[in-house]
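We begin with a single chain expressed as structure tokens, specifically the form predicted alone.
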């Protein structure tokens, strides 16, 4: 059963701790054994941690979004080579040597392609193996992107809950101070 201070259980997703929505600030502070300033400092620190994780996830998302079109382009090239295979006509193409520098190439019938795997590694594959590998990489990248988008949504929810909790704790503190000031003013 949920505690009186939270409306839902605090969960975790892939190492990202869940934020606790605080309904009753007094109970929340009592349970944690914190004063208002310590609770606000803790919540601000948690908010900064969420922001840091969000930046890292957004960078991963950008990388995957750039990687997917590259894999699809490689798949198209391998499919074009397979389609031209056995026709006897050469494939004339422009390829990038360096950023902004291209060269023209004439590709005769070929049963294999070389794939750049990264880290200064290039391997030769048959066209069928290359297609299978690239398709597997594309499927993995798309699945990773879906998980990343779900993680980002979860993280944004936690940021929102934490921001609301910070506002609730701060407003509760302001309200308590006003009550104490009013009580002190009536005693005088």
Partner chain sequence: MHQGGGSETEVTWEDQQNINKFGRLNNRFHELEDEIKIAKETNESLEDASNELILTDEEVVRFQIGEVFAHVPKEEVESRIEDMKEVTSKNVEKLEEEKDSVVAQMAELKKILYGKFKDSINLEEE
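Numbering follows the first chain given and starts at 1. Everything quoted here is computed from the prediction, not taken from an experiment. Take the two forms, superpose them, and find the largest set of C-alpha atoms that agree within 1.5 Å; that set is the rigid core.
Beyond the structure shown, there is the form predicted together with the partner chain, which is absent from this document and is the topic of what follows.
For the partner chain in the model of the complex, the listed stretch (44-52, 125-133, 28-36, 158-166) containing residues with heavy atoms inside 4.5 Å is 158-166. Taking non-hydrogen atoms only, residue 180 never approaches the partner chain to within 4.5 angstroms in the model of the complex. Within 4.5 Å of some heavy atom of the partner chain in the model of the complex lies at least one heavy atom of residue 171. The partner chain in the model of the complex is approached by residue 80, whose closest heavy atom lies within 4.5 angstroms of it. When contacts are judged by a 4.5 Å heavy atom cut-off, residue 153 counts as touching the partner chain in the model of the complex. This chain appears without its partner; in the model of the complex, the one residue of 117, 114, 101, 92 with a heavy atom within 4.5 Å of the partner chain is 92. Core-superposed comparison between the shown form and the other one: CA of residue 104 displaced by 2 Å or more. Positional change of residue 76 between the shown form and the other one stays under 2 Å at the C-alpha, relative to the superposed core.
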